[in-house]
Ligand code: HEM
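As a starting point, one isolated chain is supplied in structure tokens, in the form predicted on its own.
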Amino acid sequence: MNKFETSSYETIKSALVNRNLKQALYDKGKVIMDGVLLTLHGEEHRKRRKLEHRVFQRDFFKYYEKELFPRTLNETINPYLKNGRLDLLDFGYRITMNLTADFAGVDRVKKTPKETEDLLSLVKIFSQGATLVHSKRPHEDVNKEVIKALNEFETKFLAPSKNRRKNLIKRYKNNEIKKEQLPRDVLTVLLMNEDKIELNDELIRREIAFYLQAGSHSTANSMTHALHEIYKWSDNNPKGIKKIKNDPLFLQRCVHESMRLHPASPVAWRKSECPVNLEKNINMKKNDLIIMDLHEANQDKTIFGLDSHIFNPYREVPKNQFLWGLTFGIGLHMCFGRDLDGGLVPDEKTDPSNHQYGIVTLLVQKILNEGGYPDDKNKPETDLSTERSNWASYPIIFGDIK
């Protein structure tokens, strides 16, 4: 097997939409990623995506952002506000985990802090398993922990959630309730399986666990990166923080700019299903691997300017290019949660009062509006257990921003 590497923006775009290149980044994380939507290819991927896409319509994301999220946000952050401090990673995980659990289809019956803590601890283990390729820990140890966590997840959370939905689906099929009364989540869609695709209990378990870890892990880190960049930028641009707090569309630009600099996955791996020629020096044979550096590609000076390596919320990009670059991917494997996390891209006709900003922007906005600022006595720490540019902790306190 030959291995190719590239950081060319246009080459990566071509590779991401090439249907002869198969997802390969999560091969080592099969214990949780085997057979989930992200790792499927070809017709199998098309069928699963079509089935699950019934949950992720645009009105679904807008409903979550406008109706459900504000209540969840206030309920989650209020205890921290009373305490006067929080850790961004802990807070981000907690609120996005609950949000992700809702659309994944995982019930939290007791609604207690202990129940939330139990689910959160399992989701963090799932994340370690999914990103095993970048883990600095012994892979065998991580896999054992993931298997144990999956079994505990099945007993405590998934089995009760499945039983409740199966009963509701049975009532629907017996014409006792309408379809609109069924939960609108991935688990319900999979259990109904109206397209009759091949699924089993183990696969459904991995799929739901995948959604939990992907949604909470990436969103929590995206929020933390965005706030970190805003804090650094506002220290050198004192008037900037006022604009950020008073102009939500500008704040969304700040978030998109940070997403460009800090893609949730810094690389993408693809394996060739047949000979593929991407450019002069990348002529792949079957089963060859290409490693694409999204982090570097998102700093392509021909697209993002000579200052592409720094945070600049005033950045302008060419037409048909997103400010966040390749962070959400493109083509069939584009991230399902793009509109949920990043919101919609505004234009000259956008009404700020009715715009969909995305969950990350709303989280950042809430922290800033409450006067959240880095705790000088407790410095942020990076996550040393992975090669990914993640935070381990980021303490902040509430008060007036400098």
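Predicted, not measured: the structure shown is a model, and the values here were computed from it. Numbers follow the displayed sequence, beginning with 1.
We do not show the form predicted together with the named molecule, though everything after this point is about it.
Which residue among Gly372, Gly343, Gly337, Gly35 has a heavy atom within 4.5 angstroms of the named molecule in the model of the complex? Contact check passes for Gly337.
Using heavy atoms only and a 4.5 Å cut-off, determine which of His45, His355, Lys62, Lys28 is in contact with the named molecule in the model of the complex. Contact check passes for His45.
Tell me which stretch of 146-154, 128-136, 85-93, 219-227 has a heavy atom within 4.5 angstroms of the named molecule in the model of the complex. This holds for exactly one stretch, 219-227.
Please run the contact check for Thr100 against the named molecule in the model of the complex: heavy atoms, 4.5 angstroms, yes or no? Yes, Thr100 is a contact residue.
Contact between Thr327 and the named molecule in the model of the complex at 4.5 Å, heavy atoms? Yes, Thr327 lies within 4.5 Å of the named molecule in the model of the complex.
If we define contact as a non-hydrogen atom of the residue within 4.5 angstroms of the partner, is His333 a contact of the named molecule in the model of the complex? Judged by the heavy-atom cut-off of 4.5 Å, His333 is in contact with the named molecule in the model of the complex.
Does Leu323 reach the named molecule in the model of the complex, with heavy atoms at most 4.5 Å apart? Because no heavy atom of Leu323 falls inside 4.5 Å of the named molecule in the model of the complex, the answer is no.
Counting only non-hydrogen atoms and a 4.5 Å cut-off, give the residues of 191-230 close to the named molecule in the model of the complex. Phe210, Tyr211, Ala214, Gly215, Ser218, Thr219, Ser222 sit within 4.5 Å of the partner.
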